[in-house]
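One chain follows as structure tokens, the form predicted alone.
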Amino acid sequence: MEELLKVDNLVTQFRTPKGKLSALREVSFSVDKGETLCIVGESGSGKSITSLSIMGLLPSNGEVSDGSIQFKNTELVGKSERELERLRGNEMSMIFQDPMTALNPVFTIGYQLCEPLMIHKKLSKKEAIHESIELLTKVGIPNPSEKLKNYPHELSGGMRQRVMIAMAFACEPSLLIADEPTTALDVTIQAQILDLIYDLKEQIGMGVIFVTHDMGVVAEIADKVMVMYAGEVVEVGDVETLFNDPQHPYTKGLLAAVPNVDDKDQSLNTIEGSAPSLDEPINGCPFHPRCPFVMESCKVEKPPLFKVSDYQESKCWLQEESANDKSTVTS
């Protein structure tokens, strides 16, 4: 498959009164054309910061301090804001988690939908309005021509989220980054949106990065899954392999915490403890204070990302022996 996005050893830091704090630590992954990568992990694991780093939308105190982000073989790190603006909304689009802050409260829905169509697709105002109505219809908004006249505060949270999704689809981007886009929607609309993303991906070969907490959604739409913890990638693999044979203890904990609707007597599994804060020093594996399989080596030395198979990698010392066995067989 054709590689669309390649992120290599990405380090993102924030300037604070306590000094520079690392939110992402040597994050590497790729997305092919027509592929859906789901990024999962607890709140604070670095999922959204990864998305914002790619889009060049970090807060003013944030910066990509090391690493590479290549989109269609073009390096994005170091590009000017003007250069990034030409890509955003056109070649790359993002659906934000909170539509309350993503939509401008002083402009109508119609203005905000038409603007990218007129700028990037060079449509006339009349053509942009017609296409905006079609987009709102696709995402399940009733009376779309009337909704164009509304301001964001006049719509419900679910409606605003659907407007955000319509805006992201407007220019048929090559890469769509969706940061928990269906959180505010009921299950019926969620299914429609997931189908819409899938259809557009199939039609134009769009690559998708889908950030979510919902493992059910991951199982439904992902081609590949990346598990993040404390700003690091701890496991990555194709969706079938990762669900059927998770290697990292954190991944196992996440999957075990998913309720089984068929077992009414099952108690809800949890991962004990909490993730480290950004200003907390990390020695060894960042997950070791919470890991049920912790070893002495885990406390002092950070594991590399071991290649478990052609389809799976895991950053855990438990995989060292199996990785060495495979290399011995290969040699």
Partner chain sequence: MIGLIIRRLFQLLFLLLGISFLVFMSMHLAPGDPAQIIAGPTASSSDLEAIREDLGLNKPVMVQYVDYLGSILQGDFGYSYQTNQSVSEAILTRFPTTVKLATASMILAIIIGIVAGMISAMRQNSWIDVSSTTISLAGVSIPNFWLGTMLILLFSVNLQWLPVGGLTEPWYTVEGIKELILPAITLGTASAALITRMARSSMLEVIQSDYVRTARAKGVKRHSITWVHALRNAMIPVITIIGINFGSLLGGTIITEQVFAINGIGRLMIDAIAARDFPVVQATVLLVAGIFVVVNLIVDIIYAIIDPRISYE
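Treat the numbers as computed from the prediction; the structure is a model and nothing was measured. Positions refer to the first chain, counted from 1.
This next part talks about the form predicted in complex with its partner chain, which is not shown.
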Which residue, 96, 169, 243, 71, is the contact with its partner chain in the model of the complex, using a 4.5 Å heavy atom cutoff? 96
Position in contact with its partner chain when the complex is considered in the model of the complex, options 174, 212, 112, 190, heavy atoms within 4.5 Å: 112
Look up in the model of the complex whether residue 158 has a non-hydrogen atom within 4.5 angstroms of its partner chain, and give yes or no. no
Given that its partner chain is not shown alongside this chain, does residue 186 nevertheless sit within 4.5 Å of it in the model of the complex, heavy atom to heavy atom? no
Report whether the minimum heavy atom distance between residue 56 and its partner chain in the model of the complex is within 4.5 Å. yes
Under a 4.5 Å heavy atom criterion, is residue 206 part of the interface with its partner chain in the model of the complex? no
Going by heavy atoms within 4.5 Å, which of 135-143, 194-202, 81-89, 231-239 lines up against its partner chain in the model of the complex? 81-89
Checked 148-173 against its partner chain in the model of the complex; residues with a heavy atom within 4.5 Å, sequence order, are 151, 153, 164, 167
